[in-house]
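Below you'll find only one chain, the form predicted alone, shown as structure tokens.
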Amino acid sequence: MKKIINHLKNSNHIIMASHKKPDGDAIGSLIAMGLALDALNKDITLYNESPIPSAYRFLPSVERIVHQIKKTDTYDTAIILDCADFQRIGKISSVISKIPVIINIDHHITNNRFGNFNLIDTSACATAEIIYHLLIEMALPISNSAITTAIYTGILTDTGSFRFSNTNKAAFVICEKMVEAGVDPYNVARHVYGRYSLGRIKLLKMALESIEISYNGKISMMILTKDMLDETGTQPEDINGLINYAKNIENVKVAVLIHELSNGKGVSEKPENYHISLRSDGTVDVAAIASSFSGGGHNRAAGFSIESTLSNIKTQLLINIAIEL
């Protein structure tokens, strides 16, 4: 950590990026770290390839996050947040790979330590927890409402409102400090969890109807097609959390969400792009399964992308999961 701190103090032009299709931790960590470094009078760019999900647009200073950079922009340091794999930042990876120093800050167990400096803590409940400790070590102020709300939101969402197994003592201690500094828990919860569009409710209905259960009842599969999103007028962000309905079925050990990224018009024999989300009750290490498909994550929550046919994906997943059961 000291080497990272020393380097940041000597940096001038810093770009910070988190993974595409960001969650609360990716966005919260990005905002908190970026605004804190403003105190060092650095030239800071906050970047994410994807649109900000509506649930997180309430975050103070979220407008600082850009989705494009100029080819003429030059940076001496890149900070990559909440990414187990460098490519998860998206198309900008080809640009950032040319920056002299890359700092990798993450909490995923499958992180491949791609940075010149790596601050990886797999015991942390969220990357936002690591950011909090780093800012304390750097003696940077965390009283700014944008910073405190971002850290609180990052921890709240990545622990599933303190329901997930990664919830640790630090999650409560840090969030308590953020509340003492002025964060309004009700306001955060109201934005993150408070309302659903009618389209999302319709999508949920379709998702529930798509669930398939393995012969032994230990594996559940949920399928979402592009046609479903088009028909309900929903966005990819509306998929967040749907897999939990499949995971919480009695006796299910592993839940799978197969999300079609390109439209095969329902032709299962045609190769298309899919994103696969995996959730476990803790008895199966889904990060290991995801890694076998060049993905990553945590032992209870992981994912990967693949180009294949729907029928082949189902077969491969059933075989790989059955081996682990």
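Not measured: the values here are computed from a predicted model. Sequential numbering from 1, following the sequence displayed.
The protein also exists as the form predicted together with guanosine-5'-monophosphate; that form is not presented, and the subsequent description refers to it.
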Check whether A302 has any heavy atom within 4.5 Å of a heavy atom of guanosine-5'-monophosphate in the model of the complex, and answer yes or no. yes
Classify H275 as contacting or not contacting guanosine-5'-monophosphate in the model of the complex by the rule of any non-hydrogen atom within 4.5 angstroms, answering yes or no. yes
Proximity of D238 to guanosine-5'-monophosphate in the model of the complex, heavy atoms at 4.5 Å: no
Quick one: is R88 in contact with guanosine-5'-monophosphate in the model of the complex, heavy atoms, 4.5 Å cut-off? yes
Could you tell me which of 290 to 298, 31 to 39, 49 to 57, 62 to 70 sits within 4.5 Å of guanosine-5'-monophosphate in the model of the complex, going by non-hydrogen atoms? 290 to 298
Does anything in 89 to 108 come within 4.5 Å of guanosine-5'-monophosphate in the model of the complex by heavy atoms, and if so which residues, in order? H108
